[in-house]
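Heads up, the chain below is alone and in the form predicted alone; it's given as structure tokens.
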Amino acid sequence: MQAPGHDRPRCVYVDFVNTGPAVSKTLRAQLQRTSEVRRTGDLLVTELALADGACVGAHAVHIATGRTIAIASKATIVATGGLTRLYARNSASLNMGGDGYALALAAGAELVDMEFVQYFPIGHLAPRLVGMDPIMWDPFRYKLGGKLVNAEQREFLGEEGRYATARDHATRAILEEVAQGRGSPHGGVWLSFQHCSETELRAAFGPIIDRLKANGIDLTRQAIEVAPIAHYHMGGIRVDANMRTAVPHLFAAGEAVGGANGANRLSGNAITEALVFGRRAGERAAALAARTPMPPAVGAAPARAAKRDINPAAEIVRLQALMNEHVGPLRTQAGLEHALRHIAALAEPCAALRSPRGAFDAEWVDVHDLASMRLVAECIARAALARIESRGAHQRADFPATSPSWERHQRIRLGERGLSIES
């Protein structure tokens, strides 16, 4: 199937909405057949362990007991996914708050292209959709040519029946329709399949149509509302072709890696990227481990104590709303500076992290998440403020043109004086 921005059909799906689950199920089954692989769960990694500048494992907390755990490792791979949970409107799971970026940065690795956060243009907005993916509408449009229309029922992308607009352009166009007062009631636009009969819909998507009807959605009788939703991050940890970071014995893979997609990832590349980068990182890490002695036992993590009490869950919600409004798909200098002032105010309460009070300390988990999210949010906002142009997923309302002088990456490091940016 041919996805937007591609010049030929190259995307393969499993039942259109089950590609990711099918890949995950296959990989899990393979793991279960491999006795040499030891799996562990309910661990939250708080920091990477270092010895003489090299990564020798990690410190973690066992959520079910509150105990701190030290993990020694010959080679470590960060494969924690992206950061789109930073945004109020997102398609991410709860663990996608940028933890891997924060861990790698604190260990001495570089981040790259942090300003490029990709929004999926037609994320589900209304009516309420339960138990289904908010980004499920792409394959529907691919196969049946769903019409994207504004409040005047006018198609505004100029696609002429062919779904071909790249995600950054579609996102910008939808936001412009809303800004001009031509949006749908909930602040998006309409996606309509009313030109398709139920026979055509069932032939294309079978039982998915029944799942939609269980949600009260009949595509033959009603259009749905869609709007941009934070979906993917082109930035991340800077690696070489062997997936090695700047920290010896530390690798990265998948969406945790930055720089592979430039300013705007093409639809359909994410799973391929995860598989290719994952295999390369795994092979290189395994080869390194085979010739490396096991490091000495990793010492205990340094003791920490929170500087003042906060409501971390409420602060996460505030940060997500702030990022959505000021560091989302359309940015300005004033908005980015406002976001950075808010982020800076969170630095002190997030500077130190107390130990869990015991088993299943949800508040402690929220404090940890907030600290990581705050640091990563600062990386995005600072990189976005520094890039005074519009390029791909980074759109500046005050600098709408693309500048040839900015055809370069921005790298971020964390030092004693805080974050520093180089390009």
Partner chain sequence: MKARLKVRRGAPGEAGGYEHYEVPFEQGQTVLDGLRWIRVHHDPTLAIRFSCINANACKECMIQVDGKTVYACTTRLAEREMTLEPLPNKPLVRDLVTEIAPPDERLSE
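Positions refer to the first chain, counted from 1. Please read all numbers here as calculations on a predicted model, not as lab measurements.
Form predicted in complex with the partner chain: not shown, discussed below.
A.B. asks: Tell me, which of 133, 200, 159, 225 has a heavy atom within 4.5 angstroms of the partner chain in the predicted bound form?
C.D. replies: In short, 133.
A.B. asks: Within 4.5 Å of the partner chain in the predicted bound form, heavy atoms considered, which of 139, 146, 188, 312?
C.D. replies: Selected residue: 312.
A.B. asks: For residue 366, is any heavy atom within 4.5 Å of the partner chain in the predicted bound form, or not?
C.D. replies: It does: once the partner chain is placed as it appears in the predicted bound form, residue 366 has a heavy atom within 4.5 Å of it.
A.B. asks: Please tell me whether any heavy atom belonging to residue 59 falls inside 4.5 Å of a heavy atom of the partner chain, as the geometry stands in the predicted bound form.
C.D. replies: It does not: once the partner chain is placed as it appears in the predicted bound form, residue 59 has no heavy atom within 4.5 Å of it.
A.B. asks: Give a yes or no for residue 42: in the predicted bound form, does one of its heavy atoms lie within 4.5 Å of a heavy atom belonging to the partner chain?
C.D. replies: Yes - in the predicted bound form, heavy atoms of residue 42 and the partner chain come within 4.5 Å of each other.
A.B. asks: Should residue 333 be classed as touching the partner chain in the predicted bound form when contacts are defined as heavy atoms within 4.5 Å?
C.D. replies: The answer is no: residue 333 has no heavy atom within 4.5 Å of the partner chain.
A.B. asks: For the chain seen here without its partner, which of 50-58, 64-72, 385-393, 371-379 has a heavy atom within 4.5 Å of the partner chain in the predicted bound form?
C.D. replies: One stretch meets the cut-off, namely 64-72.
A.B. asks: Residue by residue through 15-32, tell me which have a non-hydrogen atom within 4.5 angstroms of the partner chain in the predicted bound form.
C.D. replies: Only a single residue, 32, comes within 4.5 Å of the partner.
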